[in-house]
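Let's start with one chain on its own, the form predicted alone, as structure tokens.
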Amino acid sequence: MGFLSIREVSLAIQGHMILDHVSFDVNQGEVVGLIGPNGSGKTTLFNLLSGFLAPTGGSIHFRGSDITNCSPSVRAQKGIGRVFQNFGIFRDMTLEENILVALEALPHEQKKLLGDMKFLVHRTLAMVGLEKSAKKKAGALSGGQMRLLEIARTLKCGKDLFLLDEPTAGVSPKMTGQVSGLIAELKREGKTVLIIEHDLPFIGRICDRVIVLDVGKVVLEGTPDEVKQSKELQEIYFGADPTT
């Protein structure tokens, strides 16, 4: 059983099968890409993993414990962090307030281990080059900066499994490089990352393994090179070169 184990997970809504017996493992310290055309079930699967939806079949295990029916808050306490596609930051708060809110939500014993909160907030913002904007409202940031803030905030909140939903969406090429750097930092710290992404060259650069979903099913799994060269992937993307 992997660090994260998904076994025969299905979701049916009004008789329509959104996810159909999805099974795969993610090992500790891996960076795994989850790709597939729109409507293939990727974000729905993330909603199941983070507890915002309940499967109609199958099970989800994290660190050997069954979390299939756990609430989002319990999963967060167990070490699962999610970065949403549409940003989960508070736009009317300053950058430092956004970091503090996340840190204050941690269990008391965990907060005690973090040391000086002010220093931690500064270090977190410095990690993504935003320390000079600490007093600014988060809503004034560019899309790429918001993405970096959210990933950095999740990183410093003690999570061990990161669910990143399209982390490069709306991000400039320069910011995409910074996102890559943050994910590399997660891996160096022994964290585990599952990424939904449409930027296949980006996936190829940072992922150890790629899982392909189509019409709610896992249809392909392998290294980035294996998946890129597969005939099945080209067929899923209507015969187009998946790297362009």
Ligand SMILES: Nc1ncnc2c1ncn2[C@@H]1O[C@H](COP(=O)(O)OP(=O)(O)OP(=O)(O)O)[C@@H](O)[C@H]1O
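Because the structure is predicted, anything quoted here is derived from the model rather than measured. Each residue number is its position in the shown sequence, starting from 1.
What follows is about the form predicted together with this ligand, which we do not show.
Novice: Quick check on K42: any heavy atom within 4.5 Å of this ligand in the predicted bound form?
Specialist: The answer is yes: K42 has a heavy atom within 4.5 Å of this ligand.
Novice: Quick one: is S65 in contact with this ligand in the predicted bound form, heavy atoms, 4.5 Å cut-off?
Specialist: It does not: once this ligand is placed as it appears in the predicted bound form, S65 has no heavy atom within 4.5 Å of it.
Novice: Does this ligand get within 4.5 angstroms of any non-hydrogen atom of N69 in the predicted bound form?
Specialist: No, no contact at 4.5 Å.
Novice: Do V22 and this ligand come within 4.5 Å of each other in the predicted bound form, heavy atoms counted?
Specialist: Contact with this ligand, no.
Novice: Hey, with this ligand in the predicted bound form, do I13, N38 and H198 all fall inside the 4.5 Å heavy atom range?
Specialist: Yes, the whole trio is in contact, each within 4.5 Å by some heavy atom.
Novice: Which residue, I236, V227, V9, I18, is the contact with this ligand in the predicted bound form, using a 4.5 Å heavy atom cutoff?
Specialist: Selected option: I18.
Novice: Taking this ligand in the predicted bound form as the reference, which of D160, E150, E96, E166 has a non-hydrogen atom within 4.5 Å?
Specialist: Residue within 4.5 Å of the partner: E166.
Novice: Looking at heavy atoms inside 4.5 Å, which stretch does this ligand contact in the predicted bound form, given the options 201 to 209, 30 to 38, 175 to 183, 54 to 62?
Specialist: Only one stretch qualifies here: 30 to 38.
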